[in-house]
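Below you'll find only one chain, the form predicted alone, shown as C-alpha cells.
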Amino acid sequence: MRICLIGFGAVGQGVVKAISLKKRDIKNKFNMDLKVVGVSDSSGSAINPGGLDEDLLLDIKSKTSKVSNYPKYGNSAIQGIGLLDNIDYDCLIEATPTNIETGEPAKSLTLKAFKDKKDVVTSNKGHLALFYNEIINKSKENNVKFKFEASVGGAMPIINFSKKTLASSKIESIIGILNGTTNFILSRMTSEGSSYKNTLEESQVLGIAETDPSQDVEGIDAACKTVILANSILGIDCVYDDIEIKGISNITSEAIELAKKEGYLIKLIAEVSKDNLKVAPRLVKKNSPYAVEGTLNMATLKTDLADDVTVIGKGAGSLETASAILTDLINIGKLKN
C-alpha cells in the first residue's frame, strides 16, 4: 500500500514512526507492504515513488523542522493538496490540524482524494464535525474507503469496536470522557488541591495542553468527537452547532474539594444519545468507570444485548494516535485483499 501523508506534526510523525516499527510485522501478518511515497508539511514535501526512508524522514524533521530538506527527494514547491497531483498513491493519511471554523484543509484534501478514487484515513475532527454526512456520502459515491478511528479517542478503540465487536447490539447511548487534556487538569486539581490556573500552566509546561488550550478546556474538542460518535455509531444526523457545550475553565479547587467530601469527582463528560448531545462538567462517583485519571479517555456504551460496555485508553499522544491510524490502514488493506 502506497501512502501519502499530509500533515507532519506530532500525529504525522507518530504515523511514520509506527510504520517504521511495525511494517515488517504487518507484512508478515497481513501480507501488506506499507510504503510512504509522499509526505507534506508547511515547508513543502518529500516525494519518492519507490518509498521514503521513515527513519530519515523523522531525523530530517527533527533536525531542520522541514521535510523539504529530505536529500534528493525534497521539494519546497509542492505541498498540501498539490502533493496529491504529483504522486501515485493508494491511501491518503490526512493529519493536518483540526479547524472547527471551516474544516480546512482537511475537507478539501479528503474530497480531492475521493474524487481521485483514493482511500483516506484521518485523525482530524473539524471537517467531520461540520460536514459529516457530505463527506461520508462522497466516499460512498466514489466507492472508496474512509476511516477515522483516530479522530475520537486516540488509542481508545470505540468506532471500530462498536461496529465490529458489538455488531449484534444496538447502541443506545455513549457517555464518557473524550478529552485527555481536561481529564489531566481535573485529575491534578483533585489530587493536588491546586487551582485551575496553576494546573493549566503545569499542563502546558508538560506539553499536555496547547499554548492556546481553548479547544480542549472549553469543550470544543470533546464536542467535535460527540458529533462524530453521534453520526457514525448512533446514526444521529447532527453537526457541531447542535451540541450543548460547557468547558472546565470555571471549575474551582473549592468545588472539587466539596465534591470529594461527598464521594464524587468532577469530570468533563460527553453524552451522546437521541435525547442529549452535550459536553459539560459533571459529578461522577469516585469508584465508577468514570474515575480514570491523567490523560486517559473512557466511554460507556449502553447496548440492548450486551448491557453497558466500557472502553478505556490513552486519548492523546503521537504513537497512541498513530496506532489507531495504522489499524485503519490494516483494515482497509484486508478489505482490498
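We number the residues from 1 along the sequence you see. Computed from a predicted model, the values in this text were never measured in an experiment.
Only in words, not in the display: the form predicted in complex with a further copy of the same chain, which the text now covers.
Annotated contact segment (heavy atom within 4.5 Å of a further copy of the same chain in the predicted bound form): 287 to 295, selected among 274 to 282, 287 to 295, 39 to 47, 62 to 70. Between a further copy of the same chain and the residues Lys170, Lys117, Lys140, Lys197, the one pair within 4.5 Å by heavy atoms in the predicted bound form involves Lys170. Exactly one listed residue, out of Leu186, Ile220, Ala155, Ile228, brings a non-hydrogen atom to within 4.5 Å of a further copy of the same chain in the predicted bound form: Ala155.
The shortest heavy atom separation between Thr102 and a further copy of the same chain in the predicted bound form exceeds 4.5 Å. For Ile330, a non-hydrogen atom is located within 4.5 Å of a further copy of the same chain in the predicted bound form, even though that partner is not displayed.
At a distance threshold of 4.5 angstroms between non-hydrogen atoms, Leu58 is out of contact with a further copy of the same chain in the predicted bound form.
Although the partner is absent from this view, Lys164 contacts a further copy of the same chain in the predicted bound form, with a non-hydrogen atom inside 4.5 angstroms. Contact residues in stretch 17 to 42 (any heavy atom within 4.5 Å of a further copy of the same chain, taken in the predicted bound form) are Ala18, Leu21, Lys22, Lys29, Phe30.
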